[in-house]
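Here's a solo chain for you in structure tokens, the form predicted on its own.
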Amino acid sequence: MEEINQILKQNSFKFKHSFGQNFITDINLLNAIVKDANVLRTDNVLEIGTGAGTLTKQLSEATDKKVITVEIDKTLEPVLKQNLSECKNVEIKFGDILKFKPSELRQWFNNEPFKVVANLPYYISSPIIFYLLENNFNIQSLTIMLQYELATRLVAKPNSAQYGAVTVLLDLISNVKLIRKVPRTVFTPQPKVDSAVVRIDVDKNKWQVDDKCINFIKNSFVMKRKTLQNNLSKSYGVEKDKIVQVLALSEIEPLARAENLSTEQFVKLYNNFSKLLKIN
């Protein structure tokens, strides 16, 4: 990818640590990510973190539909104009993805379904994932590059150190798979940690729960080393003996912690809790 390095040099581009900029220039990895995302000719694609446009270009070639790419760094504009000049189905939006109104983002694709493909900055990966999944967008899947440590949290199993609220919340509405580990050496500049590609296939009907279940799970993990009865009692102002009764009804040990429960157990506990006790 000597061409892109030359373009960056010609435009006197300087990498900005504050934006977590680590660009992918390995053509084999770029092609692998597009394949991991299963981008078809009929797919709309949202890319977050355009960078130098190397992944954008491969996405543009993979589909006949629209590729909208969001980049926070406006100084990349001349680089992208040069590198993406032949990509007629690409539209660049400059700004912070989290600052765009959900209604605005829906209009980009005229409410049609789309796939997300992104090399996410490490410092803001989780907020972006939740922004995309909690705003009821018509997303089919997310194929994202993440810090390896976060990737292992997304696919963790109960009773493991990596298992947490994000694991359960994703499992409520999707199927998550860690596709490949990516060494730090394929990025420019090279980060201090390895990465991984994760595929999240959205399935909003996977579990039949309402929106309040999301806060219930977050409250269950609010102090990870505390028991469920302590966390739920403090979060909802309910006496512990009543919570112990609901735990027993849900066939869960009275001193269980959130990290001990599978998604199925959380759904059962939430349903019993919401029926018998107050949920705000």
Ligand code: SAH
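Heads up: residue numbers just count along the shown sequence, starting at 1. Quick caveat, the model's predicted, so the values are computed rather than measured.
Although not depicted, the form predicted together with the ligand is the subject of the following passage.
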Per contact check vs the ligand in the predicted complex (non-hydrogen atom within 4.5 angstroms), the hit among 243-251, 49-57, 207-215, 226-234 is 49-57
Would S195 count as touching the ligand in the predicted complex under a 4.5 Å heavy atom rule? no
Can you tell me if I24 lies within 4.5 angstroms of the ligand in the predicted complex, counting non-hydrogen atoms only? yes
Determine whether any heavy atom of V70 comes within 4.5 Å of a heavy atom of the ligand in the predicted complex, and answer yes or no. yes
Are any of the heavy atoms in E91 no more than 4.5 Å from a heavy atom of the ligand in the predicted complex? no
In the predicted complex, does each of G164, N219 and A256 have a heavy atom within 4.5 Å of the ligand? no
Only one of L133, I97, L84, V116 comes within 4.5 Å of the ligand in the predicted complex by heavy atoms, so just point that one out. I97
Using a 4.5 Å heavy atom cut-off, which residue among I139, L172, A156, L76 comes into contact with the ligand in the predicted complex? L76
Within 124-162, which residues come within 4.5 Å of the ligand in the predicted complex, counting heavy atoms only? I124
